[in-house]
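Form predicted alone, single chain, as structure tokens, below.
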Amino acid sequence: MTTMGHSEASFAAGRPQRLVDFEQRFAEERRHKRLWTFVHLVLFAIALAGSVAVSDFNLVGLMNGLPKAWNYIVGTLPKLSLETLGADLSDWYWGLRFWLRLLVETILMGFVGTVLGGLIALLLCFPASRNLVENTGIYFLARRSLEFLRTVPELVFALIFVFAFGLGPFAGVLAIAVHTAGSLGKLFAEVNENVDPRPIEGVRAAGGNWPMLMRLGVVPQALPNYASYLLLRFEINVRGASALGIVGAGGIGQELYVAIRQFEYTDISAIMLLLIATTSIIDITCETIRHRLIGQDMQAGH
């Protein structure tokens, strides 16, 4: 009874001071967060104002230009009539067979470029992961290499490869592969840095060397995310491949560029609709595969 009374007295005497200390720390932490929030908002406002000034962004010009853009889009559409719908569509898609062949070529460019880039990214992602390499020089070199590959735009790579290998889809495939390697390598490395370290320690304790650690400790955990990013990149690359034709790197983009330069407005809308439909189909297909992979992974308890 005496002990309980002493404890209650100590608790009653100490609690207000602890509360005061807690409230002081809480108030100080809140002031600190508010100060940094204010600093970040000021920096954001400065960056936004600088960007608007440098880019000549003009809200009035935007409002005036939007109707013109809409008129251009509407001007590319043909006049269709219910009475002559079949003939109108046939006239609109007069080059369907040729465009489909170029579209398949574009999809294959995106596919091959994604596979090649994904393989390079897979090789570079392990030395680019901070938790998987002890040598700072190797980590630095791998990271900077990935930065270089993804920083240079695909169009610039395509121009270089067109100059080196000539016109055609081969230059486009190489441009897509190089840029994909840099982008996917960074994403793969970030996935590696978030894996559970316990399987890695288990393989190391069993005497596994570095390749075994990657193969048995890292890849099984990261594989669903690898596949998800690879499929997402494939969607992006098909869209990107259609733009590489502008510099002569093959695909349907080359025909689209010709139609734009020759003011063949109905051809522009026909090719664009084919591209949109193809991209939507690829998007739905890849989304289904990604959900299946992620769903199986969740059911497996990973």
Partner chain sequence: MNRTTHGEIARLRRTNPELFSSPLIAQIRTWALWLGFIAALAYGLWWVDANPMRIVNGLNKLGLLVGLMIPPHPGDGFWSYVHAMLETLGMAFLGTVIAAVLAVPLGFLGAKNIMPNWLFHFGLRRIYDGFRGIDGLVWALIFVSAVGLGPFAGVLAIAVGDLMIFAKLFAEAIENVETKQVEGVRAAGGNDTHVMRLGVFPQVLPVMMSHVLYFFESNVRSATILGIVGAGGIGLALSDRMRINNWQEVAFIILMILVTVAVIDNISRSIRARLIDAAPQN
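Numbering follows the first chain given and starts at 1. Values in this document were obtained by computation on a predicted structure and should not be read as measured data. Throughout, rigid core stands for the largest set of C-alpha atoms superposing within 1.5 Å between the two forms.
Another form exists, predicted together with the partner chain; not displayed. Remarks below refer to it.
J.: My question is simply whether T151 lines the interface with the partner chain in the predicted bound form - judged by any non-hydrogen atom within 4.5 Å.
T.: Residue-level check for T151: yes, a contact with the partner chain.
J.: Taking the partner chain as it sits in the predicted bound form, is W94 near enough to touch it, meaning that at least one heavy atom pair lies within 4.5 angstroms?
T.: Heavy-atom contact with the partner chain at 4.5 Å: absent for W94.
J.: Is T285 close enough to the partner chain in the predicted bound form to count, meaning some heavy atom within 4.5 Å?
T.: It does not: once the partner chain is placed as it appears in the predicted bound form, T285 has no heavy atom within 4.5 Å of it.
J.: Is P169 close to the partner chain in the predicted bound form, meaning a heavy atom pair under 4.5 Å apart or at it?
T.: Judged by the heavy-atom cut-off of 4.5 Å, P169 is in contact with the partner chain in the predicted bound form.
J.: Which of these stretches, 201 to 209, 100 to 108, 131 to 139, 79 to 87, has heavy atoms within 4.5 Å of the partner chain in the predicted bound form?
T.: Careful reading of the contacts points to 100 to 108.
J.: Only one of A227, L123, L155, V219 has a non-hydrogen atom within 4.5 angstroms of the partner chain in the predicted bound form; which is it?
T.: By the 4.5 Å criterion, the partner-contacting residue is L155.
J.: Identify, from the list L231, L213, L159, V195, the residue with a heavy atom within 4.5 Å of the partner chain in the predicted bound form.
T.: Partner contact (heavy atom, 4.5 Å) among the options: L159.
J.: Taking the partner chain in the predicted bound form, which residues along 64 to 97 bring a heavy atom to within 4.5 Å of it?
T.: G65, L66, K68, A69, Y72 sit within 4.5 Å of the partner.
J.: Following rigid core alignment, is the displacement of the I236 C-alpha between this form and the one not shown equal to or greater than 2 angstroms?
T.: It does not, since the I236 C-alpha is displaced less than 2 Å between this form and the one not shown after the core fit.
J.: Does A277 shift between this form and the one not shown by 2 angstroms or more at the C-alpha, the core having been superposed?
T.: For A277, whose C-alpha is compared between this form and the one not shown after core superposition, the shift is less than 2 Å.
J.: Rigid core superposed, CA of S51 - does it shift 2 Å or more between this form and the one not shown?
T.: Where the cores coincide, S51 still shows a C-alpha shift between this form and the one not shown that is 2 Å or more.
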